[in-house]
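To begin, one chain is listed below as structure tokens, in the form predicted alone.
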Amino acid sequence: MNVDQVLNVLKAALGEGLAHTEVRVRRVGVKAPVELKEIWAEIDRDAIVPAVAALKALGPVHMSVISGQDAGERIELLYHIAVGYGTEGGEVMVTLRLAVPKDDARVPSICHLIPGAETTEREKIEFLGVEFVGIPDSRHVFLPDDLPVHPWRKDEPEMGRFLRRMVEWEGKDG
């Protein structure tokens, strides 16, 4: 499996739902460095389930993590997925990026496709306030269930009440 094959499958599955794609090259290793190509794609929130289903149909997938950030008026989520995980032909890293408005921060859950995504979805619920529609268990993983704030949101008016300390870089935008 290679980057072009994976990209073609995403294009066929999503059509116009695939807003932008980019193939990035990164160098890994020290003694015998190799260059690996990976896919970065921007999609709509409604395209996340068909995108992950299409990737899963290619072979074993590994959900590395869903990373996320407060990007002002919206929340950005990046799904880092290894396609062809553990196979002889190698794997292709795919990052699917989507954004949702803060006042409607709902995204379909992918747990029915990749059960291992549940922990990272639950983390984004508690830290960013994202609602994953269809997640089997939305209880907090790291923070108390009754904590009324989402610590990674920059617009939390009550956050100061819950902070014990803040290092200098945490108070800066960026």
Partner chain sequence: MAEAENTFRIPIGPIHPALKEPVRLSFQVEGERIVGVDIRTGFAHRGIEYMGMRRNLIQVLYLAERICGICSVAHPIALTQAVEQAAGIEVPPRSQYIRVIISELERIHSHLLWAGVAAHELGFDTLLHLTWKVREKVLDILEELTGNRIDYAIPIYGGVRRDIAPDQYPKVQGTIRYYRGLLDELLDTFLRDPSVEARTRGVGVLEPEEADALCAVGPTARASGLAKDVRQDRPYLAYGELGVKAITPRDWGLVPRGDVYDKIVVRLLEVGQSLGLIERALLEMPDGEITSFPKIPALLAHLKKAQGEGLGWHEAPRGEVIHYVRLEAGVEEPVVWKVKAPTYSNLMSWKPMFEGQEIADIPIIAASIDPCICCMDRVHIVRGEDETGMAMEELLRLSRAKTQRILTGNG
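Residue numbers count along the first chain shown, from 1. Keep in mind that this is a model prediction, so the values were computed, not measured. Take the two forms, find the largest set of C-alpha atoms that superpose within 1.5 Å, and that set is the rigid core.
Note that the form predicted in complex with the partner chain isn't included here; everything after this is about it.
- The closest heavy atom approach of G29 to the partner chain in the model of the complex falls within 4.5 Å.
- Proximity of P50 to the partner chain in the model of the complex: non-hydrogen atoms within 4.5 Å are absent; the residue sits far from the partner.
- P60 belongs to the set of residues with a heavy atom inside 4.5 Å of the partner chain in the model of the complex.
- The closest heavy atom approach of R24 to the partner chain in the model of the complex falls within 4.5 Å.
- Residues M63, S64, V65, I66, S67, G68, Q69, E76, L78, H80 of 63-80 are found to place at least one heavy atom within 4.5 Å of the partner chain in the model of the complex.
- Relative to the superposed core, R27 undergoes a C-alpha shift of no less than 2 Å between this form and the one not shown.
- After superposition on the rigid core, displacement of the C-alpha of D103 between this form and the one not shown stays below 2 Å.
- Once the rigid core is used as the reference frame, the Cα position of E73 differs between this form and the one not shown by less than 2 Å.
- Distance between the C-alpha atoms of T87 and L113: longer in the model of the complex than here (change of 3 Å or more).
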